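There is one chain below, alone, in structure tokens, taken in the form predicted on its own.
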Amino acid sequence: MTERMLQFVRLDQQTPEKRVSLERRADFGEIYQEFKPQAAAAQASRCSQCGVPFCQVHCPLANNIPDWLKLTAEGRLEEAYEVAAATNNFPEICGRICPQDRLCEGNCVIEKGFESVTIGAVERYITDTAFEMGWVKPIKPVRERAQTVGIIGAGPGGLAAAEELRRRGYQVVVYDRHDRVGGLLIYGIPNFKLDKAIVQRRHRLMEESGIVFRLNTEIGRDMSFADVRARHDAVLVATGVYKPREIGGPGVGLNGIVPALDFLTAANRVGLGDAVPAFESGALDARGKHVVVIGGGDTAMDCVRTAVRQGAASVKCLYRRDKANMPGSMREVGNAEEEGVEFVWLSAPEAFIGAAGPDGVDRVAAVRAVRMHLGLPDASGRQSVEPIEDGHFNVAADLVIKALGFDPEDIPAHFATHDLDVSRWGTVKIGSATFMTSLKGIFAAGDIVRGASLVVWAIRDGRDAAQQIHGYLQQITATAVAAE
């Protein structure tokens, strides 16, 4: 007989077994073991089935979390997957990389003494089981439509929109400048958080659904934006944001100071079996080096944990605020600490000190930093940071990785479309409800609109944009019929 819910009063919170830090430091495998069926059902049964599920309220996709937890507790996994997939195109990905401690789990109504339901681990278990059992099928539209939609960008936002539009029967073509589908999912997020086979499996499924991918095709270089517009009845711009934010100070141009995405992309390409000259030369390889990562977000955590696995001599993370004000996931910070990363809190870089290498070229040898203290809240509500007088110190560094966030490229210039309106931050402007840009029939979604954000928000935006594109194309069809 199925146990009733509300088992949090007698069952403790439990995640799938985590590999010990010494073991996981040695490879790029995912750090969590598979959830055992009995354990997953038990954890799902801890859900209180509350009247106002704040987990769902604080999920960008408004996932029906209590419903699929109850179905999992009852052993009805195929139904649980159907409920999860109804609101989320990629639950197998979100279950792995979403910062649940800041979203659904962080807002669980179960009191802190009992700890929240392990929502992310159960979501991963449901979808992994669904793939293993063959429950996940290619999309088969009820009817095919002649209208086509071009999507620029094969990241999570573009892929979510592609699935939703294909489900409605549209002919969908996705363009991407990279040689693989996934965007940051494939080249930005390390394997220990998201195994690349998971992304590639979804790519194959989308191709089997009839979605066409044009890879190694950069719009504005290999193909003009005007050509894309001419080929399709509607276009979605979902390019994401990749331009690294820079840091100032003397010595910033020294060799050995690299952007985070360059470092992560090289590591992921090596893991995928690609030849990466910058890695082979040592420029983007942390092995044997004293590594300093500057930043406090999830990208910084990806960098420090990648450097550990590459065999760095030491790994330090400099962040200008304290641990409580870290913008990244506390779960990721904890994992990094377990793996040997040293956090230097309340520290900001001011300059970079160079020294001549064996080849006579000046390379970074240390980061000159200053101690900070937290002051009064600023206009955003966050405490301001101010330098401490005479608080300077040096941190030895052979490799400095800048993980300060990302900004959009100049899309109008890159696309040679200067009538495409952008904000003062360079993001593409859209109608708040329509997702349409200043150009008729051209829509935009994801980070290129909202700025660098979470994968789950990109999926949400892609789904919403697809709905608006569908409405726009339906209106065109209705107008054409009425004119006949």
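Numbering starts at 1 and runs along the sequence shown. Because the structure is a prediction, the values reported are computed rather than measured.
Another form, the form predicted in complex with flavin-adenine dinucleotide (FAD), is not on view; read the next lines as being about it.
Proximity to flavin-adenine dinucleotide (FAD) in the predicted bound form, taken as a non-hydrogen atom within 4.5 angstroms, holds for one residue of Thr434, Ser423, Ser453, Ser438, which is Ser453. Exactly one listed residue, out of Gly188, Gly354, Pro259, Pro408, brings a non-hydrogen atom to within 4.5 Å of flavin-adenine dinucleotide (FAD) in the predicted bound form: Gly188. Note that among 163-171, 376-384, 340-348, 233-241, the stretch whose heavy atoms approach flavin-adenine dinucleotide (FAD) to within 4.5 Å in the predicted bound form is 233-241. For the chain shown alone, Glu82 is not a contact residue for flavin-adenine dinucleotide (FAD) in the predicted bound form, no non-hydrogen atom being within 4.5 angstroms.
Taking the partner from elsewhere, Asn255 is found to have every heavy atom lying beyond 4.5 Å of flavin-adenine dinucleotide (FAD) in the predicted bound form.
When flavin-adenine dinucleotide (FAD) is considered in the predicted bound form, Phe213 lies well away from it, no heavy atom lying within 4.5 Å.
The closest heavy atom approach of Asp298 to flavin-adenine dinucleotide (FAD) in the predicted bound form falls within 4.5 Å. Within 4.5 Å of flavin-adenine dinucleotide (FAD) in the predicted bound form, a heavy atom is found for every one of Ile97, Gly153 and Ala458. Although flavin-adenine dinucleotide (FAD) is not shown here, in the predicted bound form the stretch 155-180 places heavy atoms of Gly155, Pro156, Gly157, Gly158, Tyr175, Asp176, Arg177, His178 within 4.5 Å of it, in sequence order.
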